[in-house]
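Two separate entries follow, structure 1 and structure 2, each one form of the same protein chain as structure tokens.
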Structure 1
């Protein structure tokens, strides 16, 4: 399979700060990859290395088999500007047409604006758009050149639910048409909804890299919450947390656990059972003191 973008042992320092520490990542054609990490983890730096906005301090970055600073390598790439960065005096159609002018076969402006719910705003100056409209415009221009690879940095931050789902649909349609996406997000829900592959970055290193199911399986499948005085030793509990009389238990089989609690006559209340989400896997992976690199391509590794 064609690798559209790749970093090999990429390290990036800002003075004494190591933002990215030996990250190797392949982005094969057709993948929808979600990049997760707490603030300051190195996601944005990684997303700046791929289009050549920054150079790695050491290691290499490849884009479409070449050097990303070579303008020709960026012909099949689509990126999002920051919403605060749109030239305020340019009209919506002008922003789109300016970007479109860089590509051989751009999507016609009316079609693109319709796809991203911006029809009717063509003549508005971008400085006069609402936050959500600006966000949609920045995402739209990433797609105007019919790119093969799109880098989306926090595409739905600040959007309401409806607009977010509309944008997800646009990203899915693009992906179903064969497009490749690398996406960062604050919303784990977004990554769960879209991504096939999840890469968790923390403190500049890859903590986990695998399918959504792989990464989710890093924590036991169910989380049981309850209030009770002291709990005895319970079978099947893989991890637990306690705060006063509140307990959080992780287990593969919540039914068996609840049965135990009942038969042992434990006076619990406020029972809650939930499927462990990506969020919990993410929190477990990026908890302070977590040093293990958990999963690379579905394999547990150290």
Structure 2
């Protein structure tokens, strides 16, 4: 499988601050990869290294098999940075057409605006757009050149729920057509909805790398939900919550817990057993003192 972007032991320092610390990452063609991490984890720095906007302090970075700053390689790339500035007097169609002029076969302006819910705003000056409309426009121009790889840094920040889902649909269509996406997001539900691979970064290092199921499985506890009257003290329960007759119990051995309930003759109903959610796994992986975790082809190594 072709590797479109790659970092090998990439480190980036800003004075005494280490933003990235020996990160190795491959982005294969056709993948939709979600980057997760707390503020200051190094996600944005990584996305700036891949297109050559910043150089690594040490290590190497490749884009389409070569130097990221090579113009020919950049023509295969689309980007939406976390912070963007649009010329306030340019109209929406002028912004799109200016960017489109840098590519040999751009998406027609009406088609692109329709994909991102901007139809009808063609003549509006970008300075007169709402914050959400500006964000949709900056994401849209990342796709105008029919790129092979798109880097999206917090693409739905400032969007309402309807606009966010519309953008998700546009990203899905691009991916289903064979496009490759790397996105960062503070919205965990966004990564769950879109990504087929998740990379968790914290303090400049990769904490986890795998499918959604792989990352969830790094939290060994299972969540057991059920309806019952008062419960006695049960062995193996790490923590619990209660809302009326609804109980939520966390345990490393859900089978043993259910056997206890049956053996003790406790009447219960609506039993559900689930692995950790992505949010719960994320919080566990980025907790202070967490050791680096790598998931490669579904195998766990620490």
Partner chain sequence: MSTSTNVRLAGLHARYQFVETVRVPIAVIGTTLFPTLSLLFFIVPQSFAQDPAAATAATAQLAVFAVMSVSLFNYGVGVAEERALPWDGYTRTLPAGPSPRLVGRLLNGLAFVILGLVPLVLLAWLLTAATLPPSRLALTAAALLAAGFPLFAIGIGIGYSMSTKAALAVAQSLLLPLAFGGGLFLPPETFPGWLNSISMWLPTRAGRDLVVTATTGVDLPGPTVFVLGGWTLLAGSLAVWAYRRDEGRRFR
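Every value quoted in this text rests on a predicted model; they were computed, and no experiment measured them. Numbering follows the first chain given and starts at 1. Take the two forms, superpose them, and find the largest set of C-alpha atoms that agree within 1.5 Å; that set is the rigid core.
Chemist: Choose between structure 1 and structure 2: indicate the form predicted alone.
Modeler: It is the second structure (the form predicted alone) rather than the first.
Chemist: Verify the C-alpha shift of residue 84 between structure 1 and structure 2: is it 2 Å or more after superposing the core?
Modeler: Shift of 2 Å or more: yes.
Chemist: Taking the rigid core as reference, does residue 43 move its C-alpha 2 Å or further between structure 1 and structure 2?
Modeler: No.
Chemist: Using a rigid core alignment, state whether the CA of residue 276 is displaced by 2 Å or more between structure 1 and structure 2.
Modeler: Comparing forms between structure 1 and structure 2, the residue 276 CA shifts at least 2 Å.
Chemist: How much does the C-alpha of residue 240 move between structure 1 and structure 2, in Å, when the core is lined up?
Modeler: So the C-alpha of residue 240 has moved 7.8 Å between structure 1 and structure 2.
Chemist: Give me the C-alpha shift of residue 262 between structure 1 and structure 2, core superposed, in Å.
Modeler: Residue 262 C-alpha displacement between structure 1 and structure 2, core-aligned: 9.0 Å.
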